[in-house]
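Shown here is one chain on its own, the form predicted on its own, set out as structure tokens.
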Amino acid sequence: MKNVVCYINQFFAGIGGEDKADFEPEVRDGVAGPTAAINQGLKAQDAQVCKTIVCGDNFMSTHRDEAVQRILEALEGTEFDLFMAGPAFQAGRYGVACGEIGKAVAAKFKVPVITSMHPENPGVEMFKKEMYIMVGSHSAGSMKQDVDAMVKLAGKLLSGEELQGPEAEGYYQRGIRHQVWLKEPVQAADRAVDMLIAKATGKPYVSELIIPKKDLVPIAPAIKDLKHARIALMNTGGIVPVDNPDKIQSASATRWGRYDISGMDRLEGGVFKTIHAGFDPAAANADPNVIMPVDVMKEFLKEGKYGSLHPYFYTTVGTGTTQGEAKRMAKEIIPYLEEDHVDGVIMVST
């Protein structure tokens, strides 16, 4: 009998929603929530869910190192052949949590890892190289469909069956290249010519060396009249009011904040702070203007170096944040800038 360990968050364990998102890691024997369905599907593969790990999304996000370490220590001495997490659907924090613990388990215990996420989940881009991430659904309404796909791939991995590739098996391309011996040998030159003919005649073909396309952002034209320009401030350094009202994550952010600075000449320490997990926060907490230079921008405004300052600044955290999430957040912020006729943005990074 093969053993499988599963990971789910506090919601799917039946503990609670956002009010229980700080639930600390717990390793249970047997099944809980959707791992019961996974266990049922694994029976045909002569396998079982031996343990289920439960952890709140917020706890994994804000105490990642502690959460991962506690889970790894709890799994010491457990014999298992596969690790499964989720499915996470489009839930960003849940997807990142599945990826974080899956990556750590794969590295320490040398077992394959399977999870499932919607294409817009930030965890896909972050972790698809480290594990098998099935192309999942948008919401838990399709739980059975996503679980069945995970179990099907699990069966093949547990039995040692040869996989047929991402498209055939239903997981995201991992960017891993390996040599394949064709059952019917065809020389590379002939294969290349066949693909060229197919391309020239409009027929379908698949390259043997797929190069991912990069999403390049064109450089914006220079502001011609800075004296009359309206400027806005943004930062990825995590500068927020001390109570972090928008609950922006300290890493792998999926949230952003918008804060009024119209009546301020500078940001005061103790009123604002950084929640960024990627650098020592001491200097930024003492003087938040080192990252969000409201003081300098207000001075420049008095000196007439530019026309006017947008009355809000925007913030998120850059470390670990995926390109997909950054793009989504930008689309949500842009309407505010357009409404106020902003001509240019100063993006302060760290």
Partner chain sequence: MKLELGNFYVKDILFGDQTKYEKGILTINKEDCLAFVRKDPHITEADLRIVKPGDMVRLVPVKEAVECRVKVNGDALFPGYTGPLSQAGNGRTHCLKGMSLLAVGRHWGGFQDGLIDMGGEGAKYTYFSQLKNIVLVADTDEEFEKHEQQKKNRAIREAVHKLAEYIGSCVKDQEPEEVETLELEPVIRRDPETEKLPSVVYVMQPQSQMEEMGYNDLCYGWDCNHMLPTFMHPNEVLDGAMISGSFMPCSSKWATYDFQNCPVIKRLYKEHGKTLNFLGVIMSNLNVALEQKERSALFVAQIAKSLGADAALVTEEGYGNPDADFTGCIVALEDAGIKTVGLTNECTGRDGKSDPLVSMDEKENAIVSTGNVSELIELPPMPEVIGELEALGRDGLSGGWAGDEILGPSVRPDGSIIMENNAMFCGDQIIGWSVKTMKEF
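If you superpose the two forms and keep the largest set of C-alpha atoms that fall within 1.5 Å, you have the rigid core. Positions refer to the first chain, counted from 1. All values reported here derive from a predicted model rather than from experimental measurement.
Omitted from view is the form predicted together with the partner chain, to which the following refers.
- At a distance threshold of 4.5 angstroms between non-hydrogen atoms, residue 207 is in contact with the partner chain in the predicted bound form.
- Though the partner is left out of this view, residue 78 does not reach within 4.5 Å of the partner chain in the predicted bound form, counting heavy atoms only.
- Within 4.5 Å of some heavy atom of the partner chain in the predicted bound form lies at least one heavy atom of residue 188.
- None of the heavy atoms of residue 138 is located within 4.5 Å of the partner chain in the predicted bound form.
- Contact check at 4.5 Å (heavy atoms) against the partner chain in the predicted bound form: all three of 162, 194 and 197 pass.
- Considering the partner chain in the predicted bound form, the lone stretch of 80-88, 251-259, 219-227, 176-184 in range is 176-184 [heavy atom distance within 4.5 Å].
- Contact with the partner chain in the predicted bound form, judged by any heavy atom within 4.5 Å, is made by just one of 129, 144, 108, 156: 129.
- Just one of 112, 241, 166, 278 comes within 4.5 Å of the partner chain in the predicted bound form, counting any heavy atom, and that one is 166.
- Residue displacement note: residue 40 has its CA displaced by under 2 Å between this form and the one not shown (rigid core superposed).
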